[in-house]
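Just one chain is shown here, as structure tokens, and it is the form predicted alone.
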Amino acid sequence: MFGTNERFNLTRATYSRRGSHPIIFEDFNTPGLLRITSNRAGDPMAATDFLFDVNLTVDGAPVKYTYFADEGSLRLEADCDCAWAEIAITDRNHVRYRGENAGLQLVLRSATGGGARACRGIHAALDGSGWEGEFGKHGKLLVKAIAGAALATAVYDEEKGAFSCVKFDFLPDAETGEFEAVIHEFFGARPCFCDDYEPFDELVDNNKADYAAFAQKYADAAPGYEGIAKYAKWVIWSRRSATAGAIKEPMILFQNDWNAVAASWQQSYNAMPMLEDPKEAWRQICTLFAYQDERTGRLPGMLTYTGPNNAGMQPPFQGFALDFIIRTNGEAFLEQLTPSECERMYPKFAKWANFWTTYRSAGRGDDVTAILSPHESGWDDASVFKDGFPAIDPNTLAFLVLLFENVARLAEGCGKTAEAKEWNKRAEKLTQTLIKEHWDGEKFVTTVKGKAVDSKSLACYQPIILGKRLPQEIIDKVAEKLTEEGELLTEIGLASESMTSELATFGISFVCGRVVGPQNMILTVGLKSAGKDKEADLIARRFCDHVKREGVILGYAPYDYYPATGKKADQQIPPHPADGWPWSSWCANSFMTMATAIIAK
């Protein structure tokens, strides 16, 4: 699936496994060199000190290699076919290694030129089982041989007060030419590690079986997208977190390499394509509520292994996800909403809805909100926010309408009929306010201090997520605008800023020009819910076709120049690891939603 000569090699994707921390990637600046690190501390791969070069050795010296990987393991082969090594990642905090007629060497090398400074010390284990290394916030490693030998080298620079060289060598047995080794990671006191490891081939088979079981959560992709769907499901699977540190139950991380975070709204749109496993989809939507502020009802914006991050916040996406899943897989999903589940989650969802209308109230005495940051809408750098804050954003209002309706569903499910009616009443009133005050006949407008913001953003059409709750004339106009060639619609999907806008940028922006996975998914889901199947299919196919060509990248530059000015675009095509927005589960699950539920089969 991933290899030296594969189209989507590991310079763009990172190699990992469900429920694990180690990640492997090919160094963008040194083609052919694999490197291994961990996502547990949350450091981006370009800034971490805890990074090991992976060298294949023959007679103790590094040699060039090619690699191939699938969901089971990663294999390195020297130019001669008889010298190879293999790496298999487990979900039990250890990595297995083996090889034949070759050794494997791991060399600690900081990504920022700090040498081996991540190391705090190395010593031989007192029981003779191998080597123990201390790496500060990254934890500890136990390195041991199962067959052959494991050696450690550590050079301390007295002048700098830091290690200048740290490496581990796995060497083959002199008689068999084979080696096998394991590296355990742990924190605190060393646990008791059992020497009874399963056969290596059995571990590889178990990894493949684990992926195959995970892949069953998704419906079949539309014809022509089967191969890239397998790939997208692997990306999601390999970014599914361990239950460790502050993460109390499995979530899906944004990335392993740049931002190893479980984003609040992401957990809900990860749930959307899991149509064959309603129980898991519901669990995924509910995960962040374990970290809800009891006083205010707020959910954290992001979560890492080290704890929740309350510095930012993301939109109330849960209602939109539930609306889609119930419309698409209603009967099976509704079976999850038992009276006891509704009783458990209704107060949490209600607090979350009331957080917005209380702490983001526009001060009008109704449910209209005024957000204080673009991140609260999901449109981080969109031109609709160029006039500042507080801003009354129709997208947030639309999310709230769908959240209110699903709070009502939960209330009804646990016998609180009167409360359910009140939530539905609030949803209907907010829908009418959104239409009356924010639709200008051509688009939905964001307002600041009562004045409409002049914008050509794709965000101006996202309230289409309300589907047939909107008047038909609005639905028709939005569908017309979204399928007008050369404005928002490009050859590869919907651009997040009109191509006629001088504000469009394909550089480091998130949603001010690029063609971005989540936004294309949200808009096509909205169009389909509004009965515009043809238009939704057109856009989704363009986006998914480009994913087939370029991979599951968060955002793509649609052109190498800016149509509004003719100037050369400040973004390489396709994006690469130095871009900062590479391979991500955000794009993978957005693709899966479109490929399984939007594109006609």
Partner chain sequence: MNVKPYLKDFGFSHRESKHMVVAKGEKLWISLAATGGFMTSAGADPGAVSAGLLEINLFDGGTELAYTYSATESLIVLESAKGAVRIAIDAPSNALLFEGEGVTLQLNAGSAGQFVTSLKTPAGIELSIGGGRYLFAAKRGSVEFDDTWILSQFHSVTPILTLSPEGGKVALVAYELPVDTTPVEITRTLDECAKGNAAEFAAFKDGLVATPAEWDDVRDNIAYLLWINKGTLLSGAQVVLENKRRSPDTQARFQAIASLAFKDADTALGLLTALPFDAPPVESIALLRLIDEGALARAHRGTVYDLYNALGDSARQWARERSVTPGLYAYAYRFETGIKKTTLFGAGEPVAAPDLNAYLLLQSEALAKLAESVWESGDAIRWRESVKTQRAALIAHLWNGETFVGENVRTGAKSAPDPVLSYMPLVLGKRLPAEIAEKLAQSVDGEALESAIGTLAILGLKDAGCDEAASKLTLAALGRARADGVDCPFYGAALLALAHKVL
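As the structure is a computational prediction, the values presented were derived from the model and not from experiment. Positions refer to the first chain, counted from 1.
Not on display, but discussed next: the form predicted together with its partner chain.
Is Lys416 near its partner chain? Define near as a heavy atom within 4.5 Å, in the predicted complex.
Answer no; every heavy atom of Lys416 is more than 4.5 Å from its partner chain in the predicted complex.
With heavy atoms only and a cut-off of 4.5 Å, decide whether Glu480 touches its partner chain in the predicted complex.
Contact with its partner chain, no.
Interface membership of Glu158, its partner chain in the predicted complex, 4.5 Å heavy atom rule
Judged by the heavy-atom cut-off of 4.5 Å, Glu158 is in contact with its partner chain in the predicted complex.
Proximity of Gly188 to its partner chain in the predicted complex, heavy atoms at 4.5 Å
Although its partner chain is absent here, Gly188 would touch it in the predicted complex, with heavy atoms inside 4.5 Å.
Within 4.5 Å of its partner chain in the predicted complex, do we find a heavy atom from each of Leu33, Phe52 and Leu470?
Verified in the predicted complex; spot residues all out of contact, no.
Considering non-hydrogen atoms and a 4.5 Å limit, which listed residue (Val107, Ala149, Leu372, Ala452) is close to its partner chain in the predicted complex?
Checked against the cut-off, the match is Leu372.
Counting non-hydrogen atoms within 4.5 angstroms of its partner chain in the predicted complex, say which of Gln255, Ser509, Asn207, Thr490 makes the cut.
By the 4.5 Å criterion, the partner-contacting residue is Ser509.
Picking from 232 to 240, 338 to 346, 394 to 402, 129 to 137, which part of the chain touches its partner chain in the predicted complex when contact means heavy atoms within 4.5 Å?
So the stretch in question is 129 to 137.
Though the partner is not shown here, which residues of 166 to 182 have a heavy atom within 4.5 Å of its partner chain in the predicted complex?
Residues within 4.5 Å: none in this stretch.
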